[in-house]
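Below, in structure tokens: the form predicted on its own, a single chain.
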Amino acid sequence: MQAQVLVGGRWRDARDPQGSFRAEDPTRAEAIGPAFPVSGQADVDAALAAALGVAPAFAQTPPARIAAFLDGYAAAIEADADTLVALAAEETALPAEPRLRHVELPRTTGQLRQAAAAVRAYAWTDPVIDTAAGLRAHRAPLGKPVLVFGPNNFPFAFNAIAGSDFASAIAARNPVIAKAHPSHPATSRRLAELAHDALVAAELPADAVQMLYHVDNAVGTRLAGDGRLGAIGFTGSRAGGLALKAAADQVGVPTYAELSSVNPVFLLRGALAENGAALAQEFFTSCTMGSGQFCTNPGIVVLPPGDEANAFEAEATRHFAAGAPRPLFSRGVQENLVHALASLVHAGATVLAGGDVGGGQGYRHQPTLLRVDARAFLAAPAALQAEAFGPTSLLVRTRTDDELAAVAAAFEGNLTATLYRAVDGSDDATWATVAPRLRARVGRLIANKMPTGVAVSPAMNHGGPYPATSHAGFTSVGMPAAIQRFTALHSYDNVPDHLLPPELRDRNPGGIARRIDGRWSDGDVGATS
């Protein structure tokens, strides 16, 4: 018997499934748990119809009830932490302690609660009032469903039924159709059960949250190209995201996709002189954390000329050579990594350490460090900055400061770029040359720390220029900005006060921050400040 899908506000058997699959234990390469359906067009059509049916009413839901759901869901996840952590650890091989229990699960509940706070404060609505022109505007629900595709590498914090895309879409009062990732179906099912119960407890429409475990590519692409959707949130491979975006673009559905990133790290000469051995350890730890299966993994490290860079390379090579093979999420991840490394070598890179699949059971790969000189990198920048998803990184060796700047200018869009500078200021002139070339190419510019961590902060930008994401103007982490992806800009011209949305009326009893005639105010329209 196959697991049931959450469609139309209830758990039921899949209709006309196109097969089934089971989760795998990556450490043993063995199937575990029950069978889960690969949903066909019947389930997709039913989920879309249910979401469309509830969308208008959900858009009118009082914010307090949306916030109650988000808070209640966060509390339910915390209360069920033992079950969730055990499921996710078995399905992903990520360590239960501290990664899942003490890092990712609190991040997930924190995101949900931050979304709830943004809902209560109307922070995502960005109200603007122009009394002279008689115009008022704000961010409002799309009035249509949001389709969310979850990735393999964050079973909680980016899960289609619990992560930032989910929390953001719900905060903006849009129904969500979640397409879980097949790498962790039992974890997703348990989260969906908790979400459904919290939704009912908050007296919200049960159809507002639905989940399918898996669909084949043709069905998923067809759904993405349905113009009745309001938006799509996607985290995953570049090829998969671009295929969905191409279908959505045909019908004008906005797609907010996180696609790929190598997150270049520049180690400047003074920083290496001050702390080169410690930086080699820090780099190795960051690169192999979570088996390198992070979107912010430091995939390329650019080194200046000089003996300090030679010493760093030798120390980093020693760490990588001594590192044990790391478990990967799936056979597909392992095969893609092997192919990516072969492509880097074909483009001119040399393997310094590792380079092969791991021994023993399961899906594993050796920590792998490669090297290429700057001339070769600049001759084939596209091939040599292709993402290798796993515990791998490429050192780019420059001979001059001019090459350092040229390499910075050759990068395509990334989520992050990092520069390590000396604390005595001796690297500041080089920073002034390199940083501007990186600034237009990344969402987050970092000084003196590895890019792996992503704080859930209103000031975070977890986004960047293409191909890091499909839209450089938005972030998938950090409230309220992440919520605004799933909104529409509504303007009201000469509409009577009592017919306006509450946050645009003259009275402001809740003290919402609004821009009134060009000035921020938490008072009523016409009140003296």
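Residue numbers here begin at 1 and follow the sequence given. This structure is a prediction, so every number in the text was calculated from the model and none was measured.
The same protein also exists as the form predicted in complex with a further copy of the same chain; that form is not shown, yet it is the one meant from here on.
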Exercise. Would you point out which of 428-436, 340-348, 386-394, 79-87 contains residues with a non-hydrogen atom within 4.5 Å of a further copy of the same chain in the predicted bound form?
Key: 428-436
Quiz item: Taking heavy atoms and a 4.5 Å cut-off, does N461 contact a further copy of the same chain in the predicted bound form?
Solution: yes
Quiz item: Can you check whether R515 is within 4.5 Å of a further copy of the same chain in the predicted bound form, heavy atom basis?
Solution: yes
Quiz item: Do S39 and a further copy of the same chain share at least one heavy atom pair within 4.5 Å in the predicted bound form?
Solution: no
Quiz item: Is R113 a contact residue for a further copy of the same chain in the predicted bound form, using a 4.5 Å heavy atom cut-off?
Solution: no
Quiz item: Is every one of V128, Y256 and T487 within 4.5 Å of a further copy of the same chain in the predicted bound form, counting heavy atoms?
Solution: yes
Quiz prompt | Position in contact with a further copy of the same chain when the complex is considered in the predicted bound form, options R421, K179, H365, R173, heavy atoms within 4.5 Å | solution = R421
Quiz item: Since exactly one of G299, G241, G443, P185 fits, which has a heavy atom within 4.5 Å of a further copy of the same chain in the predicted bound form?
Solution: G443
Quiz prompt | Residues within 4.5 Å of a further copy of the same chain in the predicted bound form, restricted to 230-253 and counted by heavy atom | solution = K245, D249, Q250, V251, G252
